[in-house]
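Take a look at this single chain in structure tokens; it is the form predicted on its own.
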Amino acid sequence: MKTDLTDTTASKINKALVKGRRAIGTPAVGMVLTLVIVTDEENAYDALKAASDASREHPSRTLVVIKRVSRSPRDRTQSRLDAEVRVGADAGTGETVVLRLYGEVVDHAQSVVLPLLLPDAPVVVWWPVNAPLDPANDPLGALAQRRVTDTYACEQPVKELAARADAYTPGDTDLSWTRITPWRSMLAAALDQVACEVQGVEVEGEEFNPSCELLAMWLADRLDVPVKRAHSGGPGLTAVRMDTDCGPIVLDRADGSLATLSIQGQPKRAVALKRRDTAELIAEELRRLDPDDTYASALRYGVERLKSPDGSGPPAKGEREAVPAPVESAAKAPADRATAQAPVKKAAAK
């Protein structure tokens, strides 16, 4: 069921939601969170489709905030809020409200969103594109327990990672980090099978892919060994090679779907390591709403490495740079996924 509201208010939108639930015979609210998507008109459809697919696992009220900035000075003074309310089959397993903001109300989006949040339910804000440099201090980000960005959608992903590290606040996360969860799980499992000491690592992938950088940061942070970045044509991450005193361990994925795990003294194994779509990524992030300490540790470790020697920016294109080993801390943060509860260690067993 869809209801279009023109030049409306938050109160009228709430009434339309109640009316829609009653019309389809489900007056009870069974949603577990509010997902706020801040995007533009061009990317709204894809973001909303991903959120709708993720709602099958996490029933939620989805608020899509689209800021329509007019080029005409006259139009910018005319504030207006249009809304499209969807319930039932048109909204997946939750509720969807598409908000289009015009004029001065664009600068006060939080005032529109606040009355529409589910009471006593967590709030997640997701920027598919054009995320603020400091999500926690953004007016909409300040309403949320979790703030999801995607540096892969930025023009300069590596510089964006450095900015994310400088502005990190507990609750921040990034879909570029979510993309490497299967890689981290597979590498941790591979090291659990051997009693070897890792001496060096090489991460191979697309040149300016933030997921490759984050994986290199995580390995350097966890293993306390030099990590090199090698460039390939992709897609995405293509290989991780770990040199150990027992022989090399290689996880190679050339086609973006099926990978080969090679461990010295063991037969090669084919493992499923496909590239996941946005719906799977956002569904994974909605499974946990506590701060991701492992992401924070990896992100902060990589700040200085991502800058050139003079501190002005990222390394020159095509440059391969070693990650300096950090000072070993007294205690490392735990891994943040169920499949990688134990952090990767320099020696899996002694």
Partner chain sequence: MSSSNPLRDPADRRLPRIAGPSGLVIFGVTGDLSRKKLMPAVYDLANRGLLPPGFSLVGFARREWANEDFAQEVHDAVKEHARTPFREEVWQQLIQGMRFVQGTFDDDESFERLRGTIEELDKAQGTGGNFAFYLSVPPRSFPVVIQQLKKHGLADQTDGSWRRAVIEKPFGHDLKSAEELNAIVHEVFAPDQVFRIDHYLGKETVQNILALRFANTMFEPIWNRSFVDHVQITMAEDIGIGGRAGYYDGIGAARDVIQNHLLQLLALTAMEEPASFDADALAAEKTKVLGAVRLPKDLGRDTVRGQYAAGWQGGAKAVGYLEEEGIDPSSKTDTYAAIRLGIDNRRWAGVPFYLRTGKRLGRRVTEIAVVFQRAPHSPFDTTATEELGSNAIVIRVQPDEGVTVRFGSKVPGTSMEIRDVSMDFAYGESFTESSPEAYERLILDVLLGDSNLFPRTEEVELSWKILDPIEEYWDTNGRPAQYPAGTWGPVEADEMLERDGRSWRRP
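Positions refer to the first chain, counted from 1. All values reported here derive from a predicted model rather than from experimental measurement.
Below, we turn to the form predicted in complex with the partner chain, even though it does not appear here.
- The single contact residue among V125, L223, A131, A216, judged by any heavy atom lying within 4.5 Å of the partner chain in the predicted bound form, is L223.
- Only one of N209, T96, T149, T178 lies close to the partner chain in the predicted bound form, with a heavy atom inside 4.5 Å, and it is T178.
- Contact check for E160, V250 and T278: none of the three has a heavy atom within 4.5 Å of the partner chain in the predicted bound form.
- Residues within 4.5 angstroms of the partner chain in the predicted bound form, judged by any non-hydrogen atom, belong to 191-199 and to none of the other stretches in 160-168, 115-123, 102-110, 191-199.
- Contact annotation for L258: at least one heavy atom lies within 4.5 Å of the partner chain in the predicted bound form.
- In the predicted bound form, none of the heavy atoms of T238 sits within 4.5 Å of a heavy atom of the partner chain.
- For E41, no non-hydrogen atom is located within 4.5 Å of the partner chain in the predicted bound form, even though that partner is not displayed.
- Although the partner is absent from this view, G233 stays clear of the partner chain in the predicted bound form, with no non-hydrogen atom inside 4.5 angstroms.
- In the predicted bound form, the partner chain lies within 4.5 angstroms of at least one heavy atom of each of the following residues of 42-68: S55, R56, E57, P59, in sequence order.
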